[in-house]
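The form predicted on its own is given below as one chain in structure tokens.
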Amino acid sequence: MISEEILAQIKKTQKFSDAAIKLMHVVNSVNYSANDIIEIIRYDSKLTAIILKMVNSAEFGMRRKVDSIKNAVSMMGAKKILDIAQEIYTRMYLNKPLSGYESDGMWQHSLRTALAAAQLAPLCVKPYDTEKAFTAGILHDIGKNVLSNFLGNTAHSFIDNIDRHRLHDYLEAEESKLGTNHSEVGELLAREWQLPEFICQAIKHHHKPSLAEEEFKPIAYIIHMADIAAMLSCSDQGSDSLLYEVDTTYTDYFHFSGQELEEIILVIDMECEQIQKTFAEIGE
């Protein structure tokens, strides 16, 4: 049972900008054009400035100066600019301390999950759209933004009780304290922001994908496994890292070896490092 206090906090939580939410709906459309991306981004001056700063940085190595979003899309493709836009928005929103999870911010873990989801999507028994997978991955833990302040200094006792098998995992630990968990709260937050259904479902079921509605099971399993891969790729991701159960029914949706998973982890390590270098270079 979610308390009135937590529900009130969901209502008060600052949402992504209108442009960011429009981009997430574009991802959900069957077909989108480069012009759709340009028309959304061009009216957000801050996003436009950061994107141009990024694509003109040494990390991208462009041969000539990119001076407009239209040129950026033309030279790099709508998909790449869409990815960059989502990375910027989520970094602005998620890159802040979460004391309840003893974390400096969710952005690194969220980015790693998004990158892993994009790698896993084509490997699903029924291949899934990589752009949707990336978007769901980068948003999967937004419920933590709401719950962090309600958890107080509970991390050490949670970990101790999980180690002693008094609690099953970190979801149960959250529920023991608050009567809810970050997956449930994240779904409510996504619905408050009127995000597409595939994102709401992925957030709600990313730790228990077998409970997702049949239509949304593939994306739930993709984000579930991407979350695990992200946690395996970097230990410094908060007090709850690797304290969740792997849903063994993932084998109904994926057929990959341990070596392939290691290769995915290597890829997300390299891509995440590259993205962080770019942000560091442009001073954002």
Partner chain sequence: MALIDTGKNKVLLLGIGDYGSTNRADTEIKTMALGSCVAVVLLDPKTKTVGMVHVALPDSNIQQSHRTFKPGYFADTGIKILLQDMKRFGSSGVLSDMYVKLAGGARVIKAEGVLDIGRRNIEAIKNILIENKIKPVAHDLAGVISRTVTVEVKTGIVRLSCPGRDDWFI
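Computed from a prediction, not measured in an experiment: that's the story for all the values here. Numbering follows the first chain given and starts at 1.
The same protein has a further form, the form predicted in complex with the partner chain, not shown here; the description that follows concerns it.
Legend entry - Any non-hydrogen atom of His168 within 4.5 angstroms of the partner chain in the predicted bound form: Yes.
Inset, instruction - Answer with yes or no whether Glu245 is in contact with the partner chain in the predicted bound form, where contact means some heavy atom within 4.5 Å. - result: Flag for Glu245 set to yes.
Inset, instruction - Look up in the predicted bound form whether Gln259 has a non-hydrogen atom within 4.5 angstroms of the partner chain, and give yes or no. - result: Judged by the heavy-atom cut-off of 4.5 Å, Gln259 is in contact with the partner chain in the predicted bound form.
Inset, instruction - Examine Met231 and determine whether its closest non-hydrogen atom to the partner chain in the predicted bound form is within 4.5 angstroms. - result: Met231: contacts the partner chain in the predicted bound form.
Legend entry - Contact test, all of Ala8, Lys11 and Asp129, partner the partner chain in the predicted bound form, heavy atom 4.5 Å: The answer is no; none of Ala8, Lys11 and Asp129 reaches the partner chain.
Inset, instruction - Look at the stretches 70-78, 159-167, 84-92, 141-149 and give the one with heavy atoms within 4.5 Å of the partner chain in the predicted bound form. - result: In the other structure, the partner sits against 159-167.
Inset, instruction - Answer with one of Asn28, Asn56, Ser239, Thr48: the residue that has a non-hydrogen atom within 4.5 Å of the partner chain in the predicted bound form. - result: Going through each option in turn, the one that passes is Ser239.
Legend entry - Residues within stretch 258-284 having a non-hydrogen atom within 4.5 Å of the partner chain in the predicted bound form: Heavy-atom contacts to the partner chain in the predicted bound form: Gly258, Gln259, Leu261, Glu262, Glu263, Ile265, Leu266, Val267, Asp269, Met270, Glu273, Gln274.
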